[in-house]
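To begin, one chain is listed below as structure tokens, in the form predicted on its own.
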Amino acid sequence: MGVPALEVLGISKDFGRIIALRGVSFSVQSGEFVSILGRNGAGKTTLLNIISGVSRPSEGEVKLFGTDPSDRENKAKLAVISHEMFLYGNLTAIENLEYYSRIYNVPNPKQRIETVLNDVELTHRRFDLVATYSRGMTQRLTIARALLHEPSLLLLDEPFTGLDQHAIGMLITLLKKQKEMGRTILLTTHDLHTANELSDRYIVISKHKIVMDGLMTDTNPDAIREKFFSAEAGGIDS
């Protein structure tokens, strides 16, 4: 199978007396789409912050493509869509994407910017200041920013938040396209239906640790929901 795109090895994270993660281990193969399921406070966002290098674990380590995630080459292969937009409101969509295209040394930046703006249906607003965008439009531009440099590994933390139904459908189509292109994708969500539609595999985090890890082809959303809420009711989470 080769070297995994992502390895999470015994990760624990404490914030003082507050436990965020405890002994989390899993790997993701190149081209695999994995959904991390769990309710608010389970540790999903903390996990993605550690994988992306925003936060350091209290214990354990992360490997990207078999090496240190802080390696500059690895950072260039990674993109994150989170609650932080990393956009500048006093710049237009075009100007924001031009800025990031320089950071990532994107080849043919003008053409690439037009492509990602078209993908998120913002071409008609490309010369408008981001400060004038709605919450949903800003999220769509965040997605365009993340896809700009054609990353090998996508980390998405509840990316459907703030999107209307049309935009959700657009993002699902985009993610399916990224999967077909061989991208490795890690998605945090509590939407079991969407996870089932997109993912090869699911991982459930509850009470700061992994309690389930399985293939989507071996189950269905109702079965996952029954297991998940049964686990919650059984005291796995506080």
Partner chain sequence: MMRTAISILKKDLRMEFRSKESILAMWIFSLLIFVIFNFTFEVSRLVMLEIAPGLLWVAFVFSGMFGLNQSFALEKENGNLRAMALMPVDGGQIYVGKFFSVTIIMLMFEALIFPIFIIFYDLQLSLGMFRLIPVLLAGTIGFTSLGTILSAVAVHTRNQQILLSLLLWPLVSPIIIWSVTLTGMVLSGEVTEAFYPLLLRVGAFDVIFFTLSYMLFDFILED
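Numbering follows the first chain given and starts at 1. Only a predicted model underlies this, so the values are computations on that prediction, with no experimental measurement involved.
Only in words, not in the display: the form predicted together with its partner chain, which the text now covers.
Taking the partner from the other structure, its partner chain in the model of the complex has no heavy atom within 4.5 Å of any heavy atom of residue 193. Of the heavy atoms in residue 75, some are within 4.5 Å of its partner chain in the model of the complex. Among heavy atoms of residue 164, none comes within 4.5 Å of its partner chain in the model of the complex. When contacts are judged by a 4.5 Å heavy atom cut-off, residue 54 counts as touching its partner chain in the model of the complex. Only one of 206, 199, 49, 189 lies close to its partner chain in the model of the complex, with a heavy atom inside 4.5 Å, and it is 49. 80 is the sole member of 147, 80, 113, 120 with a non-hydrogen atom within 4.5 Å of its partner chain in the model of the complex.
Taking a 4.5 Å heavy atom cutoff to its partner chain in the model of the complex, the contacting residues in 64-95 are 72, 75, 76, 78, 80, 82, 84, 85, 86, 87, 88, 89, 90, 91, 92, 95.
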